[in-house]
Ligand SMILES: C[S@@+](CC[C@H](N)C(=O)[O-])C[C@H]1O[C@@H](n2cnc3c(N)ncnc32)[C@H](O)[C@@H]1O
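To begin, one chain is listed below as structure tokens, in the form predicted alone.
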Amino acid sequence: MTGFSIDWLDLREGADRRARADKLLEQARHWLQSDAAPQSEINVVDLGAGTGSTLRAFSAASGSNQDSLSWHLVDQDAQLLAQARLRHEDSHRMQTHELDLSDISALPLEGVKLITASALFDLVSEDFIERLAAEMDRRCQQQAVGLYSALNYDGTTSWTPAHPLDEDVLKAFNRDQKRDKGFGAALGLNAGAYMERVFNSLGFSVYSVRSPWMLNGADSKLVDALIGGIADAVAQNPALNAASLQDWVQFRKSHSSGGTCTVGHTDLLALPKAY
């Protein structure tokens, strides 16, 4: 899977936190406490955990009982996991696992109540989603397990003020999002809809809510980094003229403090139907 820097993850976390659908986060938190015996350990497996942003989102949720949660943070990047331990090992019951995320059989899913992920599933393939859903369905025969997936990119981005190249850049970026990120051809903007279809077919109850980034001048550092990342992703696209793309970058960055940017995402929660 393509790596992400600590700086980028830190830059986006505030926007992620604001964008998360509070309703689904609360529903996921409530699911964790359902049928739990007092003082029992509740296992949460966070895929593509990075430095622990999902753990922090749950910690910040009103009324969240962190004492009973045992977090298993899974990532392929040892540096990100080391940062997660540095930030949280003294304050949470937590283990980190440096693993190949595409190898579902290696994931620490024994006794898991909830699988979580943030900004991950638009990077994975149809096959990965199908295999993960099938594994969850199999495990539900012994112990119910749900999935909370936040911030799945939905292919929409809008800017103010507008630039003539905005639409062409977005089309090129969305094509790039379907490149193989280490799991096979990535779902990209189709991630949310595909997950909903797969989990519905297995009898899960699926809840989906929009969770867009709403960025303005207060997010100018994030916006600048986003513009640079988009430009890098589309630079080799033959449909875009290099000089025109550079003009777009300069225009967008000149308005990062005074303009706005909205990036579409969806949050999804899949729970066994009996619950």
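Position 1 is the first residue in the sequence shown; the rest follow in order. Source: prediction; values computed, not measured.
Not pictured, yet referred to below: the form predicted in complex with the named molecule.
The listed set E167, D180, D100, D127 contains one residue whose heavy atoms approach the named molecule in the predicted complex to within 4.5 Å, identified as D100. The contact with the named molecule in the predicted complex, taken as any heavy atom within 4.5 Å, belongs to A119 out of V198, A119, M136, A172. Only one listed stretch (159 to 167, 186 to 194, 76 to 84, 201 to 209) carries heavy atoms within 4.5 Å of the named molecule in the predicted complex, and that stretch is 76 to 84. Interface membership of L132, defined by any non-hydrogen atom within 4.5 Å of the named molecule in the predicted complex, is ruled out. L9 belongs to the set of residues with a heavy atom inside 4.5 Å of the named molecule in the predicted complex. Under a 4.5 angstroms non-hydrogen atom cutoff, the named molecule in the predicted complex has L123 among its neighbouring residues.
The closest non-hydrogen atom of A49 lies within 4.5 Å of the named molecule in the predicted complex.
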